[in-house]
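Consider the single chain below, provided in structure tokens and representing the form predicted on its own.
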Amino acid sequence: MSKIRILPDHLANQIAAGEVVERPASVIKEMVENSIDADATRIEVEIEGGGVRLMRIIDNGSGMDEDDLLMSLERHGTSKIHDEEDLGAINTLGFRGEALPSIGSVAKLTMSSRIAGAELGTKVVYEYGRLLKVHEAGCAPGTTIEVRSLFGRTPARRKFLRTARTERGHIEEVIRNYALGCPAIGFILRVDGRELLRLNEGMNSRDRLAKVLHYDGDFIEVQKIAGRGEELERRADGWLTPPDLNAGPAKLRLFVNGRAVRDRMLIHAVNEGLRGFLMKGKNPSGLVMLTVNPSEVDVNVHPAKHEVRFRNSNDVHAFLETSVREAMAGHQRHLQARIFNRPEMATPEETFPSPQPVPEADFTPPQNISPPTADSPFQQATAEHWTEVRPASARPTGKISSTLEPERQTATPPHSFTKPVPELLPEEPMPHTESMEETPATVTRPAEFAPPGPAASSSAHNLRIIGVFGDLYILCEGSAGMVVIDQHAAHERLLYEKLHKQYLGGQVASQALLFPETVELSLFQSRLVEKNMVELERMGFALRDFGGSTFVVSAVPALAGNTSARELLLDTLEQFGSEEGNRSAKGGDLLDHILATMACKAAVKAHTALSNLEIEGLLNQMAAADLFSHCPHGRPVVHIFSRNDMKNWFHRT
């Protein structure tokens, strides 16, 4: 006697239900997809007991007659595909024909449907794999499906369900997803007789996203089309919340051809597009809808249809990453227009995503401010008439005036201070001359910020400096409201863009050390130097072997010249060493991290007081930069407190 037998239909359906019907939210998803495929313009969902006791889905779609209702309960009964060619280019959300028989095998299923124009509809009762009733019934055009006592006869499945509150949360997420993906359709969700969500038809995706996230601020709009001639290859549309905001749960909703999916590759592409704008551990939030040729994507990967597979996944990844990058570039221009009153001008696509040089904005310092020293972090064009660049070894240490001799402090006028700060060197190294002083020059700065001088009208920004809080946060007033800027994060981003531009140009500008520094390395570190010597030279280091594991550092990156040569080299080698231990690390990630670390160490530090002139220089560079809103590690640089925010804070009408 043969050991192999054909399973009964009801048992096969229960097995299929194990893949299709994971929880009540899975039932809602399958039914909502069927309603969307039926061209419904309004979908109502009602649940009780977290969906286990009752799920009712009502739509006003095309409806079904008696024959179609009965056929839909048969395994693989579907109207979505007819032959192999249809399977290669699926345009509908449902197509497998497994959902209804699978659901009916593990629950009590009742379906009522009427085609528009028909006098009566049909009602079918199907419980735990058995057809009980079929008869005519009066009902509204469209389809109503009721699912009761889910897993009522399969307690082994039911015990794996979570609490009613948890299951309700999953159902809400399904409704929100498809409400965002189908803005032309109205959605209503009722929970235990109470209306929880109502989204009227005709809303656009952006407004729906704002309502779902309870967020009324600006979104970062993603919009890019790729194609040849009139043929569309790929299209990306969406709205992302600003990276530094927490607008509700940080959840990224992805759609491919109108289908809500979970795809690691697409999530990675969005994260890569936001590199340098998201802090570590933060995730993007918003909505991204990708449209591709149906023949380029395989949705028949899993019965639940959450996963998709692309024919050219690398091209899709690059397209989506570029789309998000360009959206962030547009967001930078929007912020510049809002903060600095600078006209929004599109960045030429061919220059993206390579960082552009940060122009040095020209300005004339206020008359009551002394000329800047070579230690100023934001030297402008006029500074070249006053300063000369010192070798790195002869630079001041950046200590505040309280460390100077008492008699030196008494010579300073009241309410003033002297304090050299890390400098922003020119991109080309300056030769050392015998006339260079080795003692730090000083700048006398007033305690209060003086108004700009007559020539300040040529400034690249339209902000009025109010003051500085904690020697870190620059407070300004502008048309957008009160603008607060983190001076360290802002300077760090500007330095990083310069370093990155120089590296992509072939080599980072070096600054020769007046006194080369000898560095003793471990055996592992010396091997890293030998292995990565070419990259170290491109980064601006000049090293020579001094025997054993000792190396002499004779030059360092010019923009990071204030940092100790030994500390800078050891930090860089540490990053190369971490790549050795992580085989999956990518060269681009490592480079970004090293350059970001250099920029962070060279940027003006917190509690470093800046003069009006230096603040003006920083603001001018921010107003002219392509990227300025976040430091390379993702921390925000600027925050705006609008006038309405102030009024609400003080309860003013």
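So that there is no doubt, residue numbering starts at 1 and follows the sequence shown. Since the model is a prediction, treat every value here as computed from it, not as a measurement.
Keep in mind that the form predicted in complex with a small molecule is not shown, yet the notes after this line are about it.
Taking the partner from elsewhere, N312 is found to have every heavy atom lying beyond 4.5 Å of the small molecule in the predicted complex. Put simply, G63 is close to the small molecule in the predicted complex: some heavy atom of it is within 4.5 Å. Heavy atoms of N34 reach within 4.5 Å of the small molecule in the predicted complex, making it an interface residue. For the chain shown alone, E98 is a contact residue for the small molecule in the predicted complex, at least one non-hydrogen atom being within 4.5 angstroms. S79 is the sole member of S479, T291, S578, S79 with a non-hydrogen atom within 4.5 Å of the small molecule in the predicted complex. Of the residues given (S105, T143, S323, Q511), T143 alone sits with a heavy atom within 4.5 Å of the small molecule in the predicted complex. By the 4.5 Å heavy atom rule, the three marked residues E172, L197 and S205 all fail to count as contacting the small molecule in the predicted complex.
Of the stretches 63-71, 599-607, 44-52, 614-622, only 63-71 has residues with a heavy atom within 4.5 Å of the small molecule in the predicted complex.
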